[in-house]
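First comes one chain, alone, set out as structure tokens in the form predicted on its own.
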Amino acid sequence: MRSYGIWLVGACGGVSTTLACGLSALQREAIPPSGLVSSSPIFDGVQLPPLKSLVLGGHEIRDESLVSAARQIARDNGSLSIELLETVQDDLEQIDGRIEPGVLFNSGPAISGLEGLHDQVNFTDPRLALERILVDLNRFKEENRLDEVVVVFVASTEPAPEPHPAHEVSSKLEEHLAAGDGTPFLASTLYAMAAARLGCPFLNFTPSPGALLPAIAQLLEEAAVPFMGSDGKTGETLVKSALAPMFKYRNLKILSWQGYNLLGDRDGEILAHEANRSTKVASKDQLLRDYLGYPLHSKVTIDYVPSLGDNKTAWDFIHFEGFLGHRMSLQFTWQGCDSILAAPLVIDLARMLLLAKLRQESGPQPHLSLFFKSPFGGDEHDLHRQFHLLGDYLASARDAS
């Protein structure tokens, strides 16, 4: 059987830890595939890489093991049960052996100020940082005899990079790299460049804009690899993309859409910093204006509540206008566990990007817009239409197999 690697950048974070536990349990057939879109009937007959063929490895900037991270989640949040950890512990220990110290580069004070950072992660020369990534990725592929590897960026949300001319053109970005000028680069930029160098599919599951700059998209397209991002759509924005079409279909004008988000864990800790929060808010707030096509009052607020852990709550207030100009409102509350919602989507997307690579496809994958708040290169935000785009792609993949 062929084997495929998923290289997780942020390998001991909540999403990656939950993914590792869940994938191990799925491979052992110890749990049903709930929440895994790629195990739903729409994928019947599509030759995705089997779950049992997937091998995990990655980079982590904190001096932590996957086993200890999983135990912490079990204690603090309960989304990973003690019984599950007993079932998958041997697998987690094996994955720990494939996790290396990651790369910090222009990541901002919120991330570089995290407690427990590994002493081998700070870089000032982008060439050395990129070389570390390339060496570790090559070793992961060779030692595990992998046919393909997908690079998945699931690290903490970076602040937006300062505008730079090299962000627009791949050749200029390469020139700055060759000169050792780190100004245009963030850690996410270097990971995407590494994927391009090695011909690996690339997935940006975060809102970090440094991962898919125009110059990076050019590099990935020149390398003929499939890629997609940005910012996995797991909670409040998922509901927005389902509800907004309802108002549009019925010609009910939305006047205001106010969202208030509470979250804890490391994600909330990082987003408590304005520079990082603004990156996330821009991603969450983009959908309505792009989809509705008219101005409205729209605001998203994010507050850090440490006691929530990996659970998050979103309260939304929608003020809309109907017949005779009469004003009405809708409110909803979304309460969910972020990693439980996100982890299966990362598995889905990794399998889909690997499928695209096997089909010799390259460039952005618009049929995956369903999974993102800010789908790269796409302007379709209607959840229902996004689902049909995915279905059309899968039909073509099924016919070609």
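Residue positions are given as counts along the sequence shown, with the first one as 1. Note that the coordinates shown come from a computational prediction; the quantities given were computed from them, not determined experimentally.
What comes next is about the form predicted together with a small molecule, which is not displayed.
Residues of just one listed stretch (59-67, 43-51, 22-30, 361-369) have heavy atoms within 4.5 Å of the small molecule in the predicted complex: 59-67.
Within this chain, K373 lines the site of the small molecule in the predicted complex, having a heavy atom no more than 4.5 Å away. The small molecule is not drawn, but in the predicted complex it has a heavy atom within 4.5 Å of V154. The shortest heavy atom separation between L262 and the small molecule in the predicted complex exceeds 4.5 Å. L114 belongs to the set of residues with a heavy atom inside 4.5 Å of the small molecule in the predicted complex.
For the residues R289, R127, R266, H164, the 4.5 Å heavy atom test against the small molecule in the predicted complex is passed only by R266. When you look in the predicted complex, the only residue of M193, A215, C200, V103 with a non-hydrogen atom within 4.5 Å of the small molecule is V103.
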